[in-house]
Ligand SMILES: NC(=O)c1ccc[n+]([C@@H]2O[C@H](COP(=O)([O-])OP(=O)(O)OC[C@H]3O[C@@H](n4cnc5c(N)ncnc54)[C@H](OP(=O)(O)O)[C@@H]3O)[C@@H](O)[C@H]2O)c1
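Next up: just one chain, as structure tokens, the form predicted on its own.
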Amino acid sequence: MKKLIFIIFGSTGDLTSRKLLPAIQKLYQDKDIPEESLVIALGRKAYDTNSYLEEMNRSIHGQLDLRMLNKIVHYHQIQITNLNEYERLKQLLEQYADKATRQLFYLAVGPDLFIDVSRNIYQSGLVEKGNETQAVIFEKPFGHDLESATKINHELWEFFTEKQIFRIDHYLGKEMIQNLLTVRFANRIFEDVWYNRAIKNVKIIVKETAGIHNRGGYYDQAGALKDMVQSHLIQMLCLIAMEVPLSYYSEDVKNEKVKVIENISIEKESIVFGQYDGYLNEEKVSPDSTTDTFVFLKAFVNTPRFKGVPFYLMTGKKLDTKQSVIIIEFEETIEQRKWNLPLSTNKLFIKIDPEDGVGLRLNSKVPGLTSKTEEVELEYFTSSSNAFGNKSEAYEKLLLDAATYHKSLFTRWDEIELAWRLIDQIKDLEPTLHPYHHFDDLKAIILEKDEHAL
């Protein structure tokens, strides 16, 4: 790949300033993308390139290298819903691109604009259907239920092939999510116990202390179930529960993930929905909103490997701590059961945020003359290793993969379709919405449903 062009729709938005431009800047500085890379930033406002970059830099408190970005960024004013304005954009691209140039059209816009922009890209001839040097990248949410997601997808297939569509779930770009398969399949001590006779339960937890910030317009239409469970938590569950793929290429991994989602069942009595106090006062939130800001549920993966093992999924806002973690709890040993020893179960922690690393909790004798035991934890954090001292951000990895035609960390349509089918089933149950001020308000409700859930 000698040339690479990013064409960013929605280039004046928060996603571009906080994530995309810093990621591209880092990739260029580290020479991970070609020297002849170009970023075409599209927007309605009357900026030139200098004033555009200065405004982006102000919005993230001076984190951009303006001198460097001025070499590769070109701001282009356009009304992206007006097909007639795409002719000038096409002429601009033709000045830089040849047939071998990798072109990534990044739609950093709301889902309500996906189809209009995609149609204009196609009808203007910017993207040729089936030309795999050209790809279109979409941010979640990909629909708001199965019906809307299916409609969007079938319309996109009119303009692009599946190989040209990259659907981003930024969680899949996080270092420890990428590391999950390595932890599972590259360590004999886990590979041999990764099944229902040895694993007692799995907890997948994503807790946030913040509220919805200024995302009320979007969040009130989504909620925690659609915003987090449908994408991030189900994807993590798949990586934990999937069978060994035929290879670690994209399609083989996705095939195994799909089999997991096909075999997920939800214990409907376990579901807990919550809404934090003050949510109804958030900007752009309906005063009588019943949107969930917290979800807990118990699921099972009905495959021979994991049949009978409960998977506890929990996510929410305005909770006691910021934490993203997967906890694998193993069964007690035969000796523990036989002699009723005062020992804890072993636990494997896949820590994603704010720390990322691996922890393994074991039983050990307390040093000294007694036979007392204690829990000890062996820990490894990626930030403490010289090899990972400058670990990449999720968007760096995802943009690089898209540039180099790698789709393993992007979601395929059948994954999304099955996940929405599952989410729609949960929504149809209309669970009770519990108000909460602190996480403690929800703990008793959850523990009443399952004493092992927390």
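For the two forms, the rigid core is made up of the largest set of C-alpha atoms that agree within 1.5 Å on superposition. Everything quoted here is computed from the prediction, not taken from an experiment. Numbers for residues come from their place in the sequence shown, where the first is 1.
Below, we refer to the form predicted in complex with the named molecule, which is not included among the displayed structures.
Contact check for residue 141: a heavy atom falls within 4.5 Å of the named molecule in the predicted bound form. Contact annotation: residue 25 falls outside 4.5 Å of the named molecule in the predicted bound form, judged by heavy atom distances. Put simply, residue 14 is close to the named molecule in the predicted bound form: some heavy atom of it is within 4.5 Å. Among heavy atoms of residue 45, some come within 4.5 Å of the named molecule in the predicted bound form.
Contact annotation: of the candidates 170, 254, 203, 361, the single residue with a non-hydrogen atom within 4.5 angstroms of the named molecule in the predicted bound form is 170. A single residue from the set 357, 245, 310, 111 has any heavy atom within 4.5 angstroms of the named molecule in the predicted bound form; that residue is 111.
Stretch 73-81 is the contacting one of 73-81, 310-318, 158-166, 325-333, since its residues have non-hydrogen atoms within 4.5 Å of the named molecule in the predicted bound form. Along 207-228, residues 215, 218 each place a heavy atom within 4.5 Å of the named molecule in the predicted bound form. Residue displacement note: residue 377 has its CA displaced by under 2 Å between this form and the one not shown (rigid core superposed).
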